[in-house]
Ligand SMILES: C[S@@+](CC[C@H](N)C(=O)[O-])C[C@H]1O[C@@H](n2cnc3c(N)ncnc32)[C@H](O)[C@@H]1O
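This document opens with one chain alone, in structure tokens, the form predicted alone.
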């Protein structure tokens, strides 16, 4: 890929603030990674004081990603993926899972964190199949028009669009539903959309609702935005696309690898996901 295209995909690469906690780096800490700083670890420990199972949520999210990508690549025949809000690269990322099924699959990672960009670029081994751009989900038009995206993603063929653990960091005034709609509208028929998001526990777990509200305040104080939304709102982000079985469910219930016992705890009730297809 021409170097001018790759350079044109980045912005603010030198502007990495390690004095404030960052969502991608805290997530990395919860997964046992090393790409985090003191501010991230301090804030992560604050979260652990009120939500000691938070690392299990990060692990559940990563496992969901792997199952989704495996389904899309192996069963749905998707060979190109656009991962919005990709976060720091860790073991079992989208390109690793997709290439286990189809070594020629194309993947573009998108994240607004300069550190994510630099780490991802350092790990790229084949720019013919995998790329990363530094861009913000709040600007769908810019992402969809990016020359790097266009060089690897053919929007005349079905796309696997991934928005995993990212829309819950979008404030209401930034219109997450509108953002999701903009990306959906750009996808051709046969494409799939995967979403995971924090979900406000419903009537099945009323005792968790007050706790979740308090947790939301704590997380927001560090990241600037984090919302546990009603299930109906999350479902609306799929628009009129048809949810594939088993629908929008707790991450643990989405096509689990093994039929093992799952504890019905706060993670089970407050982290949901699903995959939908555009006819």
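Just so you know, these numbers come straight off a predicted model, no measurement behind them. Residue numbers count along the first chain shown, from 1.
The discussion below concerns the form predicted in complex with the ligand, not included here.
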Heavy atom distance at most 4.5 Å to the ligand in the predicted bound form, all of 87, 136 and 166: yes
Contact segment among 207-215, 46-54, 24-32, 230-238, judged by heavy atoms lying within 4.5 Å of the ligand in the predicted bound form: 24-32
Partner contact for residue 62 in the predicted bound form: the ligand, 4.5 angstroms, heavy atom: yes
Any non-hydrogen atom of residue 116 within 4.5 angstroms of the ligand in the predicted bound form: yes
Interface membership of residue 131, the ligand in the predicted bound form, 4.5 Å heavy atom rule: no
Distance check, residue 82 to the ligand in the predicted bound form, heavy atom within 4.5 Å: no
One residue of 180, 170, 105, 159 in contact with the ligand, assessed in the predicted bound form (non-hydrogen atom, 4.5 angstroms): 170
